[in-house]
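Have a look below at one chain only, the form predicted alone, in structure tokens format.
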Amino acid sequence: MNKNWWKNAAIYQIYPRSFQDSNGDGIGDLNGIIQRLDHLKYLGVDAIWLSPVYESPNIDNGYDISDYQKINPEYGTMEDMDRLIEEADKRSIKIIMDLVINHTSSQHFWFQEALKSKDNPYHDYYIWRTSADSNLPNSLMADSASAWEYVPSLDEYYLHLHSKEQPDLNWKNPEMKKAIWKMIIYWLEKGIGGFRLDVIDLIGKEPDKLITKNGPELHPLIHELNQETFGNYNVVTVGETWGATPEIAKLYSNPERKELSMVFQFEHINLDKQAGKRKWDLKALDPQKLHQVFSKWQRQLKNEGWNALFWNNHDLPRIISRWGDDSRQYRELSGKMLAIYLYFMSGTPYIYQGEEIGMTNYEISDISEVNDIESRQMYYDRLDKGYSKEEILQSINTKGRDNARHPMQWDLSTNAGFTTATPWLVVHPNYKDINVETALAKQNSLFFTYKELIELRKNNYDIINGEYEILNTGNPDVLAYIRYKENEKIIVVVNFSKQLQQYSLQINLNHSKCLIHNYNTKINNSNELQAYEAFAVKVSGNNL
């Protein structure tokens, strides 16, 4: 197989808890995923990124791992995991595991041993500090609380950059590193297709210097990890890096450096929060700023790195509700526009479960409806600081992580076909309008736009990964760019608003071939786009 197979792949993220329940307990599981593999094969995806299914107390829905080499019983068994890998492989789909190696659960065997004694060999697997006069070691924070947790029996504090149930691993300890390497090779030998590395930019931290992200030892550690483990296999690796700039992303993803295949960067994701504040502090999206950010990453990573293209994941709200329009009139049109805009860019596209059918945010009216630990902590913290309940709930409804975690909507049956029991998180009541069964019965549904775009990317790989230029439209709501290689060109134009927009484009499109269009009107030089109208055309020769 081509060593860089992932460059021409489409990857689908599954949040196992919410995908498909096979045994009637209200929780999605591995056998449920196996039942739905044909849906993913039909969509055209090449790999599944599987959010954590390891043994976990689920303080952070599986991102707090208590045993890396066991499966959480609510998802199934290791035999089920092996069968998923096998069944996916039969359909030419690879399984990408979510790997959390910045921290473990406090219930992990290593940490339980670390608590017993300072002399226990596992004690140094974690980061400990002492402090005089009952003061905290320093001012590092985990969200709104101290990142240090005191253990009276040891008279020491341990570091946790997330919840106190998620102690940070000590990447300066050689024995801990070897244990992580051995675990990674265990999964690679099972035949998985790679790893998504959770908050990987934190493992090089220097807590005494108040450095968390992008520490001085970060890239040597990742290079060493590559050389000891996944660098010896034909797999994809993608790092979650909230603090990455294009220059930093090149350090991770330039193949000459032998670190990762690509990273998730979040510069575009942060464009609707107030500068210098948290994600909950909302502001309107500026489409031109979004266009500038995407274009910067397209240009600056060319030949020196690789982009991960995404709108959604398990931590982010539904993109149609966020930057599209989730009304009945415009939901699918805005979803198609967002997909068309993204899918002709260079990089590997990631589809989050339900994105292909246009699933939307779920509005709550009380904190009792919230499962997500991050949203709950923010709610009570901001109540104490004087924010109104209504203001806080608006932020949760807009940006809360539960929005992405409500169960997948499969059909018109009870609970959208997700489960026959009470689901762990309520099914969105709009499932009778938005579900896979309905989408497949409608030839021009959003599902078929995604399916077509995946195929178009594969058939036009060289052009899509060729040169990139912004095209000026004279209208801040009409975004356009061109991809080209030699005499072949693809032009993408989208209306990022629900108003009719006029624009100008110094290109004659009369003799172009339409690749995809989200209206049934003829593309011409009228310089007018309807609400959320989007199209991509292919032009051969020199007639630009």
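Just count from 1 along the sequence shown to find any residue number. Predicted model only: the values in this text are computed from it and were never measured.
Although not depicted, the form predicted in complex with alpha-D-glucopyranose is the subject of the following passage.
J.: For alpha-D-glucopyranose, considered in the model of the complex: do all three of Y343, H517 and A536 come within 4.5 Å of it, counting heavy atoms only?
T.: Negative, none of the three is within 4.5 Å.
J.: With alpha-D-glucopyranose left out here, work out from 230-238, 190-198, 447-455, 347-355 which stretch has heavy atoms within 4.5 Å of it in the model of the complex.
T.: Within 4.5 Å of the partner lies stretch 190-198.
J.: Using a 4.5 Å cut on heavy atoms, which of R318, H108, H162, H406 is close to alpha-D-glucopyranose in the model of the complex?
T.: Filtering the options by heavy-atom distance leaves H162.
J.: Counting non-hydrogen atoms within 4.5 angstroms of alpha-D-glucopyranose in the model of the complex, say which of V100, A88, L301, L218 makes the cut.
T.: Selected option: V100.
J.: So, Y63 and alpha-D-glucopyranose: in the model of the complex, are they within 4.5 Å at any heavy atom pair?
T.: Judged by the heavy-atom cut-off of 4.5 Å, Y63 is in contact with alpha-D-glucopyranose in the model of the complex.
J.: How about H314 - does it come within 4.5 Å of alpha-D-glucopyranose in the model of the complex, if we only consider non-hydrogen atoms?
T.: Yes, contact at 4.5 Å.
J.: Answer with yes or no whether Q166 is in contact with alpha-D-glucopyranose in the model of the complex, where contact means some heavy atom within 4.5 Å.
T.: Contact with alpha-D-glucopyranose, yes.
J.: At 4.5 Å between heavy atoms, is R401 in contact with alpha-D-glucopyranose in the model of the complex?
T.: Yes - in the model of the complex, heavy atoms of R401 and alpha-D-glucopyranose come within 4.5 Å of each other.
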